[in-house]
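Only one chain is shown below, in structure tokens, and it's the form predicted on its own.
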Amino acid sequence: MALYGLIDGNSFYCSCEQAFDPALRDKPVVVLSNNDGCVIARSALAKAVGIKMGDPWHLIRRRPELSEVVAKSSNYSHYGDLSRRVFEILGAHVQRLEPYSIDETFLDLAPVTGDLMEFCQMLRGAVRQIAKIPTCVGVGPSKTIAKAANKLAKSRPELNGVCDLRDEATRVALYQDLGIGEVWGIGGKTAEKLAARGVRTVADFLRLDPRKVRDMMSVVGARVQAELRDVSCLPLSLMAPQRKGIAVTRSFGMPITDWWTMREAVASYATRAGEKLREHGLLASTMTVLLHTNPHNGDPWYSNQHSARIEATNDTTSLIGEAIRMLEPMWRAGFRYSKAGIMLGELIDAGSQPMSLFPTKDPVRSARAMAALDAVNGRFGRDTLRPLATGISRTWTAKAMNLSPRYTTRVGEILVGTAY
């Protein structure tokens, strides 16, 4: 019989900030989006004082009731490294697991012998002790039920971080009050559609004829209903699916008004996109370059984008060349640009790419050059070695006024202990 667990980090980004800074542990903490814009993560104390997801920080930060709130700039390299550590800790105790997102992992708990609740508490303790991240665990006979159980574990302190929904009678009682919009796989629009038909709780949803559910919500809805009925339809995916696209888009820390600065910014984004391609062993076959002004500050509105097929590549210099070629005809002097970006599509596995008869670059030399570039930056930190086209001073980069140190990924920023 299938048995799944879902473990996830509580307020993950905020917990990462608190992991290496004990002074933050008893304070309300929020993490801001790029350019220190909107709230994208809140600790439990920050939620308690009324901060909502997406609140613009510059509009709410002066409220008297928020005087104790600590706002941190997003530090994705730090969060990604702690996520990797959590996954390694779980992998030491669970044979089969699926990373679902940066802070969520599905576990195959069927082989666990002994007391399952003690095992789940042991997992929570190991992650808390080694990675310093608090977690909750949901358990159920399907992934959808495990996801619902995890949500309950977070919202009900009396469960002590673990919610077990293996028992059918427990689930039936829960489904009477559980809103259909809270179920994994049921989006807001679908919940509205169901509500219009009088379906407001999971119990209402399970009373529907499966054939009508399939007609109304396609196979996705039928699968959700079956999963809630204890029929496991979503096995663990032990390999992450191949990415279908890569995007690097950023708001600038200050408006860009001259061509050479915009050229630097776009070249920098192309460089980062190339790093992501090589990290996943992929080549890009299409590229889109975009830029626009800020529609909210009174500046004249201008937005443009250009897409084209490119020779399949993950070579940074080739990506920069293509990006600049697309950017040039879009550039209009006299505007104050606030954002630009690059999106790569039609990604293919680098190992399965057929050899081209007339490549514009020697593929062997290109691969060696990119491997050397990545090796240097992997050892000494990102952008230690980078194309000159990406600029030197780079005054346009996004604001990060409250960026925490990269405790686990930069030697120069490692936590230092002192004994007296």
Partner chain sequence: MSLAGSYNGGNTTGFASPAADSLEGPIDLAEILDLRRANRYPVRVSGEALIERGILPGDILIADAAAPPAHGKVAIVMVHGEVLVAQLAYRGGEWWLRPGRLGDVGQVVPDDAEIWAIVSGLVRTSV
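Being a predicted model, the structure only gives us computed values, none of them experimental. Numbering follows the first chain given and starts at 1.
Keep in mind that the form predicted in complex with the partner chain is not shown, yet the notes after this line are about it.
- Using a 4.5 angstroms limit between non-hydrogen atoms, Leu415 touches the partner chain in the predicted complex.
- Although the partner is absent from this view, Arg62 stays clear of the partner chain in the predicted complex, with no non-hydrogen atom inside 4.5 angstroms.
- Looking at Ser404, you'd find every heavy atom of it more than 4.5 angstroms from the partner chain in the predicted complex.
- Although the partner is absent here, Arg25 lies within 4.5 Å of the partner chain in the predicted complex, judged by heavy atoms.
- In summary, the region of this chain contacting the partner chain in the predicted complex, judged by heavy atoms within 4.5 Å and restricted to 293 to 301, 166 to 174, 85 to 93, 199 to 207, corresponds to 85 to 93.
- Lys132 is the sole member of Lys132, Arg156, His306, Lys276 with a non-hydrogen atom lying within 4.5 angstroms of the partner chain in the predicted complex.
- Along 394 to 413, residues Tyr407, Thr408, Val411 each place a heavy atom within 4.5 Å of the partner chain in the predicted complex.
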